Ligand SMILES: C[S@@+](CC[C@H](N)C(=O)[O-])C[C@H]1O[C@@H](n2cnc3c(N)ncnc32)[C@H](O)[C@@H]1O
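Let's start with one chain on its own, the form predicted on its own, as structure tokens.
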């Protein structure tokens, strides 16, 4: 990614992507979306939900909105792609407590100050560059309620600058083997090389937020921890504490166990690990 990530994301999700399974196709490596929610997201946000107002940034076609709507008195969804917001509006038409907004890829002007109990974004802002994360964090410093928290999935590729340069000099099978072994990051993983867990924590500090937990994780494209899950709150909130950072290189292995053994889709008799009902 780079300085044009807002435009890239708009073109990709508003025009270029077919959304054949409403985004559930990205959960296949966990077996299905239910498995990924239960194994990845529910445990990590459990202390903060159910709650009053949840803000979901970049919901796409509502892959996680489907679960968040049952954990909030009010759910505000914001996306830069009008197509995504319109689909969510239709998909969740029976849920009167949802509110929908199209933004410019960085603005939260439609969200009132001191109103958000949980700000959430998963598998979306990981495709944004550092300037986008910076802009959102600057606004959330006032949009979060006094005890509000945020949970963001974002790039950690910036922690591997030298390795990324090495990966770009290699090609073909040799690079693929090194990526699979966790020796090199995937150079075409659509992660911003300028964003990292450390930089995210620094941005929180700059805007008066406290980064209180970070998990660097591997992803489906390889075993190197190119992604991060970061938890933050307003400084002085009841959730405030010194940052706790954990490296989880086994995230990919965890996904494989869930996909092959524990997910509902692992019981498909034809051997297909995808869920045919989605």
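Numbering follows the first chain given and starts at 1. What you see is a predicted model, and the numbers here were worked out from it, not measured in a lab.
One more form of this protein exists, namely the form predicted in complex with the named molecule; it is left out here, but the text below deals with it.
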| query | finding |
| --- | --- |
| Sole residue of 98, 116, 197, 132 within 4.5 Å of the named molecule in the model of the complex, by heavy atom | 132 |
| Interface stretch in the model of the complex with the named molecule - options 173 to 181, 124 to 132, 199 to 207, 157 to 165, non-hydrogen atom within 4.5 Å | 124 to 132 |
| 4.5 Å heavy atom contact, residue 265 and the named molecule in the model of the complex | no |
| Contact of residue 45 with the named molecule in the model of the complex (heavy atom, 4.5 Å) | no |
| Proximity of residue 60 to the named molecule in the model of the complex, heavy atoms at 4.5 Å | yes |
| Residue 139, heavy atom within 4.5 angstroms of the named molecule in the model of the complex | no |
